[in-house]
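Shown next as structure tokens: one chain only, the form predicted on its own.
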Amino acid sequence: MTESPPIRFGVIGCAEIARKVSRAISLSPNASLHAVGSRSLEKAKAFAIANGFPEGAKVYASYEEVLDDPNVDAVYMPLPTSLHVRWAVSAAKKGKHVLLEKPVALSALEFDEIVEACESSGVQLMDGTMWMHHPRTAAIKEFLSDTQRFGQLKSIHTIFTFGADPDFLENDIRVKPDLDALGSLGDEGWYCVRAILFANNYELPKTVLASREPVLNKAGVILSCGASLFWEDGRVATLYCSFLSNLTMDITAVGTKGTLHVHDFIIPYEEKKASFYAASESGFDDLVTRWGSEPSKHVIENDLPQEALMVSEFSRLVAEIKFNKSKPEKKWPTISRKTQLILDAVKASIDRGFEPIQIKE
């Protein structure tokens, strides 16, 4: 069986995260950098040179030109969230598969427009949640699914924070209401919500309640907030995200028989290996002076960084569609939509004076 040619990517926009994903496309065995587009030709040229685009790569002074390039199979879109609907829908209508940065939209209603366009055109849609593709994530799922070692999930607590500098807090697109109106909730809370859904097998909670006194900037964009999520059977989850606290990326998931701890779930401490801690049937010694059995550390090694694994999986799905007439994989947009629904509920709870919000699919 002959190997399919690599999937040719066009990068739309030169945001900071696009540097990382351009490198990931270069590292991925089934993808290649074909084009980059910016609103300025100089910026696109400088980006292509700085990020190792091959000599023959196309450099465009507009996003439209990337979408009009017949040799572009897929686009990576690191644009401000407010521009996602316009450009993702346009890409889908031109038959381009879409790797879309998170948060995928400003609301689930907006995201539905993107999904509809992708489904109508038969193109693959995936969001850029990189940690989902790390082999550690599969190992964590194995532990959480083990009824003997972990039991039934009872609670999960997630945190993603980093201490932004004054320039970020003043000028970054993530603090501008017209560009990324969800602020910290969209940028960091997305990952916390995804981890919560992942541990709950993507079963949506019944109720979402935002924590009181979130920190907003003078334009009303969230800089720091928290929320609690509740399921009918008593399961509970919390999330906390902030641009104002030290870098932290934690998951603690507690089951009837075990506990999971992850301390770097979004970006591992090291690129080629990652770990988590698993505890089962924990207890004290006879004198209650120490733990009888300490959590065990599990280390998972990987050849490619998680962002390259994401690109490889996305490219594999695109190749299946392009060369084998397969249908797009619906799992990814379904997970994206559920993540967005919970973000919407947290925002609605804040806007309505911290009312509980009932989740409806």
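Worth saying up front: this structure is predicted, and the values here are computed from it rather than measured. Quick note: we count residues from 1 along the sequence shown, nothing fancier.
There is another form of this protein, the form predicted together with a further copy of the same chain, and it is not shown here; the text below is about that form.
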{"property": "Residue (of E113, E142, D172, E271) lying close to a further copy of the same chain in the model of the complex, criterion heavy atoms within 4.5 Å", "result": "E271"}
{"property": "Contact assignment for a further copy of the same chain in the model of the complex, among S211, N217, S121, S90, heavy atom within 4.5 Å", "result": "S211"}
{"property": "4.5 Å heavy atom contact, L247 and a further copy of the same chain in the model of the complex", "result": "yes"}
{"property": "is_contact(I159, a further copy of the same chain) in the model of the complex, heavy atom dist at most 4.5 Å", "result": "yes"}
{"property": "4.5 angstroms heavy atom contact with a further copy of the same chain in the model of the complex for R86", "result": "no"}
{"property": "Touches a further copy of the same chain in the model of the complex: K154 (any heavy atom, 4.5 Å)", "result": "yes"}
{"property": "Candidate stretches 77 to 85, 180 to 188, 284 to 292, 98 to 106 - the one whose heavy atoms come within 4.5 Å of a further copy of the same chain in the model of the complex", "result": "284 to 292"}
{"property": "Sequence-ordered residues of 235 to 267 touching a further copy of the same chain in the model of the complex, heavy atom within 4.5 Å", "result": "V236, Y240, L244, S245, N246, L247, T248, M249, D250, T252, V254, G255, T256, K257, G258, T259, H261, H263, D264, I267"}
